[in-house]
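Consider the single chain below, provided in C-alpha cells and representing the form predicted alone.
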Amino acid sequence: MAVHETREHDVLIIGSGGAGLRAATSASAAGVSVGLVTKCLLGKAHTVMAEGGIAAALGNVDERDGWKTHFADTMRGGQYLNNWRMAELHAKEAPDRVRELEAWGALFDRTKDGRILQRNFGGHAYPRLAHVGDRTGLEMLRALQDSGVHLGVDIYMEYTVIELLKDGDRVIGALSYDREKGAFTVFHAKAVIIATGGIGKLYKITSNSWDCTGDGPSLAYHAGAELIDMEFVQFHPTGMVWPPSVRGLLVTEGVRGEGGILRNKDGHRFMFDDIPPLYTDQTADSEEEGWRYTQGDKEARRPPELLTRDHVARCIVREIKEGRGSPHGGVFLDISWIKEKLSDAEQHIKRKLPAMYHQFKRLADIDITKEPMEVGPTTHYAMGGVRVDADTQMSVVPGLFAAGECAAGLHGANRLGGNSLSDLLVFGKRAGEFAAQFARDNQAGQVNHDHVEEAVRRTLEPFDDVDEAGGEGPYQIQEDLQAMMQDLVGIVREEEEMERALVGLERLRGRARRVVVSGNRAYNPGWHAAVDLGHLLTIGEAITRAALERRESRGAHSRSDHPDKDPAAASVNIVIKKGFDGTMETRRETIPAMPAELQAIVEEMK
C-alpha cells in the first residue's frame, strides 16, 4: 500500500481562489495554524478569470446606491429563493471588504476625484462594480495572496483531495495526493473549509477552468453535508463561439456594461423585443439611453443588454433557434458602435477592456474597436452547492465549512454579475473566522487509518485494471458525460430528456468503475481525470435530480414542459442528501419567512 505522510493544522482550506485565500487570511489572523491545499498553482485559480468587477454599494458613481438597494437587487435576481440572511450580510459587508482589499494593495480604476470607480452590470440598479479594467479577479488574487503569504499560511500546491476524513459525525481532515509525485498525504485538522469553486467542466461548453470539476460539493455530499439549489446552473449569455478551439471562453459582462449592444444577423437589437413584465411600463426613449428604470422614488436608465443573465441568455438562444443567429451559431456583440459618441472610442475600449481586446485580436483575429464579436451562452456558474449557515458558513456536518461558488444560498435562482467576487470576500472572511473559532473550541479528532488505506486502495484501482478487458481511459467517458449534460440538462430542460440523463449517468458510472490508466503515479493526467470523474458524476446526478424535482421555470432553471412559475414553489428549496443506503435523496423544504424589516425593503424597492 502507498506510503503517506501526515500534516497537522488547526484549519485546513481546500481551494486557492478568492474564497479560499480570504478565508486563509482571516483564519490566520485569528492566531490558528492554517494549511491551504490547491489542485493548481498559486495564482492560477479560476478567480483569475473574473473580469467585470466586485459588486458593492459604495455609492461612488451614484450616491443614491446603498446596501438596501443592493439587497433588493440580489433578492429579485435570485427570484426570492435566496437565503435572505446571506443576502443581507453580503449587501451590508461588501463595501468594507472592497475597501479592505484596497488597503491591502489592490489597485482599482478611479473616478476623477480619486475614489474607486464603479460600472453598470446586469440586474444592478446603479453602477456598482468596483473594477480593474476587465482584469479584476487577477488583481484581487494578487492582493489576497500577498496578504496570506505574509501571515504565514502553509500552501500545498498541486494536491488533489480525494476524501474528507471523519471522526464520528465530525470532519477532522482530508486525504489527498501530490499530483507531481503521486504520494499520498493525510491533512489532519480541527476544521475544514471547502472553497473549490465551480462545476463547469461537467458541460461541453463552459467558461470554467480545467479544475472546476465539482470537487467541493461532491466531497461534502459524501461526508454527509446537504446540497441545495443544484438545479440552478447559470449559462452566461456571452462566451466566444469562434474559433472552435476557444468556444465557451468568457466575454465579460463588462463589454455590455461599457455600452456593448446585442444584434442578430439582420442588425436588429433584439433585446428590446422582450423586456420582462417588471419593466413593461418603462419604455425606451432611444436605443442609446435604454428604458427608464425606477425603484421607489429613484430613477436610472438601463440598456436591455443589462437585464439578468438568465433572461439575456434565453433571448440569445431564441434568436439562434429561430434562424437569426450569426454565421457560427451565436449573435453579435458590438462595442465598436460607441465611436459614434466618443471621439477617442478606440483608446477608450482598449483602456476599459484590455483583456477582451487582446483575447479577440489574438484568438479570433477580430479588432473589437472596429467590428462586432460573435458570442453565445456558455456554462458559467453554479448557484447551488453546500448548504451552510448564513452567519458562520458551517454545513450541517460539524467542523465542515464552505465558502464561495461551492457554497449555496446567497444567489438563489440566478446570480447577478459581480456578486460572485463580493461573495468570495464577505463569506470567505466569515468562514475563516468561524472555522478558527471552531478549531479553538475543539480538540483534534482521531484519524481512522484503516479507512485511509481503503480510500488509497480505491484511488489506485485504475492502475490495477490496466490489462482488464472492457476497461477504457477516462477522457472518452468525461467527453460523453459533458455532451450528455449539455444536450439533456442544459439551458432548456424537459422531463423526458432528464430521465434519459439519469439512465445515462448510471451507464457512465458503470464505465467509470472499469476505467484504466497506464504509467506511474507521477505526472499522470489520466489518473487525475479518473479521480475527477467520480465528482463530476455525483454533481451531474444532483443537478439532474433537483431539476426534475422543480417542475417550473424560475431564474436559471428553464423547463419547456413547465414554462411558467409555480406559486407553490416560490419559496421552496430542493435539498439533496446522501441516504443511508448510499442513494441520492431529494426533498422540498420551505424557506423561512423574511423578517418584516427586510420584506419592507423589498416592497419599497419593487
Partner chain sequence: MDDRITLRLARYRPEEEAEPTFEEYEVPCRKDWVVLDGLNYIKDQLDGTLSFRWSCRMGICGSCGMTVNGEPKLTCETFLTDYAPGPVRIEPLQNFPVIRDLIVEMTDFMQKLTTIKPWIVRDEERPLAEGEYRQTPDEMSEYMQYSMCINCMLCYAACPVYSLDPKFIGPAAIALAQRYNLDSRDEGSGERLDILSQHEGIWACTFVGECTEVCPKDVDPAGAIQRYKLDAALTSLKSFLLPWGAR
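Source: prediction; values computed, not measured. Positions refer to the first chain, counted from 1.
Below: the form predicted together with its partner chain, not depicted.
- The stretch that touches its partner chain in the predicted complex, counting heavy atoms within 4.5 Å, is 362-370, out of 256-264, 168-176, 362-370, 388-396.
- Contact between Gly105 and its partner chain in the predicted complex is found at the 4.5 Å heavy atom cutoff.
- Interface membership of Thr111, defined by any non-hydrogen atom within 4.5 Å of its partner chain in the predicted complex, is confirmed.
- Its partner chain in the predicted complex is approached by Asp211, whose closest heavy atom lies within 4.5 angstroms of it.
- Contact check for Glu346: no non-hydrogen atom falls within 4.5 Å of its partner chain in the predicted complex.
- Highlighted residues Val32, Asp450 and Ser571: none comes within 4.5 Å of its partner chain in the predicted complex, counting any heavy atom.
- Shown without its partner, this chain lists Arg135, His188, Arg85, Arg318 as candidates; in the predicted complex, only Arg135 has a non-hydrogen atom within 4.5 angstroms of its partner chain.
- Between its partner chain and the residues Thr308, Ser147, Ser218, Ser420, the one pair within 4.5 Å by heavy atoms in the predicted complex involves Ser147.
- In the predicted complex, the residues of 522-552 lying within 4.5 Å of its partner chain by at least one heavy atom are, in order, Ala522, Tyr523, Asn524, Pro525, Gly526.
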